[in-house]
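Quick heads-up: it's one chain on its own, the form predicted on its own, in structure tokens.
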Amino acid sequence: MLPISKTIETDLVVIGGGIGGLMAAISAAEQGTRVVVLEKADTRRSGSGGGGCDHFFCYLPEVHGNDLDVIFQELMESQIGSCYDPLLTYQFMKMSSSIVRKWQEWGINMKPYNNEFVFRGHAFPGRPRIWLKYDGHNQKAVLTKKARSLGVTILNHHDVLELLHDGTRALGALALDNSRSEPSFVLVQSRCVMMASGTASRLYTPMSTPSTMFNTANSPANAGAGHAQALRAGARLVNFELPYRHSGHKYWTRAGKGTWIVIFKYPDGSNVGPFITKATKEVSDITSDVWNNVFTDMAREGRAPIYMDCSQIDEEDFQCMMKDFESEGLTSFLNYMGKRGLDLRKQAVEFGQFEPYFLGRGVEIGVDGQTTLPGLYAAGDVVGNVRGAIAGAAVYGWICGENIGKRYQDLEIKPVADLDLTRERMEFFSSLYERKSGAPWQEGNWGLQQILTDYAGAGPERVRSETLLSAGLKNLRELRELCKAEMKVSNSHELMRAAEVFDLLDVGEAIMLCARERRETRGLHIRKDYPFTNPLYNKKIFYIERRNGEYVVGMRDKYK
């Protein structure tokens, strides 16, 4: 069996060094909590916020006035409000202004325009603006520096293979040290565990470039580990049956469409949406936020492609957009344009819709950030019942850290080396490395993507049904057994990827179980055998959890 290179004891282990994880670490450390962060890459650039961001949802009284309810309603009706708990969303909004000020103080520029708070993007003409424009190109480096200044231990290149627990509460983590080619295990035993491992990418065949698995809008390293490990440990997951599909420049597959100052146009030059006739930095075209399927719908009707037209914007606004691209982390796109001599004032860019990924679908938390498994907290894209993108991760990361700092001393540290779960998972992962021959991890990932695309696809062009989902479940379970029996890895990097595949298989099974249970059509969850939207589900949230080794799917009322 692979060796254990070290065993660590701490008060809080944070799984994932993204925005939510680092904010939790900082918040907890400020209260004297011993914190260890496990990050599979490097916290200075890892996760979906690694390249940067230029929009931060928040409520600032000095800008919006004293009526928080107006901004709350705007959020709930926006692209990120739909299927989340209002109670948690309201809590997030109340805390958001304090996080903005902390980031500004720490060195993330929240006032890049004339040293003022500026709100624009993702907005309807004449409606309240809820997205603060900021310069987030250095956000990960700043948060990493802040965490280290408070004594937080950051272990980069340490991928968590399993959330350790005893059936009653979270106890720590089994990690893989992938800083060297030869793999070894790291055991962390702690009073509390913070899950901040990001979204679930690489579940479906990429729409733009099927042969390029890692060409994704969000970090492809965010492979559903937190969702799967929390589910296996007994925590509840929500909203898994509702697909989400982002859109952006076709084939480039990058997020950040709200950064563009454009009008969406058909090939004949006519406008796609009715909202504006001229794009400015104050109000750009919001058509793709309202009608996210526009690119797919128009392709099916033969009216595509849909272009982003920047040719009519003012020079000042154009230079503003170029600066915002850097804040958003779209530097590779800027570099490509420079090499090819492209000018967005002269060349329109085709946009398209991407494959589903599970942003804002995942672990259920309460207002204190704790999951349904005692001792386990969560924040960021791994959470399923409150969102807010970068801002949501930052605010709820801070909330989790605060609450852990107040409570961790009430929990004892228990040894994890002798847990049956620890031994079983170490033996399993060791077997993948020790077997003489077998299939590479890529084959398992490709097989999973094909099964989910064919049997649990997302609308508008794909449908679901009882027969499709049941057949897909059978095929997925058979694929899992094949992967267990035949997958072979040769080094720590391949073992990390193999572990991701097994996590993604568990996520895929949960998706299909939940989709089969929701017997209606809602959004991109299109049931051909239930083509109507059931109004009785409007204020419900579907969940999945494991009880006594079996999956249970149900629904509950939204937390008001």
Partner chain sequence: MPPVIDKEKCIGCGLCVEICPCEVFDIDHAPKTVPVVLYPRECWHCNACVLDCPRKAVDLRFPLHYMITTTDAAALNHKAGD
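This is a predicted model, so every value here is computed, not measured. Numbering follows the first chain given and starts at 1.
The form predicted in complex with its partner chain exists for this protein as well; it is not shown, and the discussion that follows is about that form.
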Look up in the predicted complex whether residue 441 has a non-hydrogen atom within 4.5 angstroms of its partner chain, and give yes or no. yes
Considering non-hydrogen atoms and a 4.5 Å limit, does its partner chain approach residue 524 in the predicted complex? no
Are any of the heavy atoms in residue 340 no more than 4.5 Å from a heavy atom of its partner chain in the predicted complex? yes
Exercise: residue 354 in contact with its partner chain in the predicted complex, heavy atom 4.5 Å: no
State yes only if every one of 128, 246 and 475 has a non-hydrogen atom within 4.5 Å of its partner chain in the predicted complex; otherwise state no. no
Counting only non-hydrogen atoms, choose the one of 356-364, 408-416, 486-494, 430-438 that falls within 4.5 Å of its partner chain in the predicted complex. 486-494
Just one of 146, 480, 236, 265 has a heavy atom within 4.5 angstroms of its partner chain in the predicted complex, so which one? 265
Quick one: from 269, 274, 167, 151, grab the residue that has a heavy atom within 4.5 Å of its partner chain in the predicted complex. 269
Heavy atom within 4.5 Å of its partner chain in the predicted complex - qualifying residues of 38-52: 40, 41, 42, 44, 45, 46, 47, 48
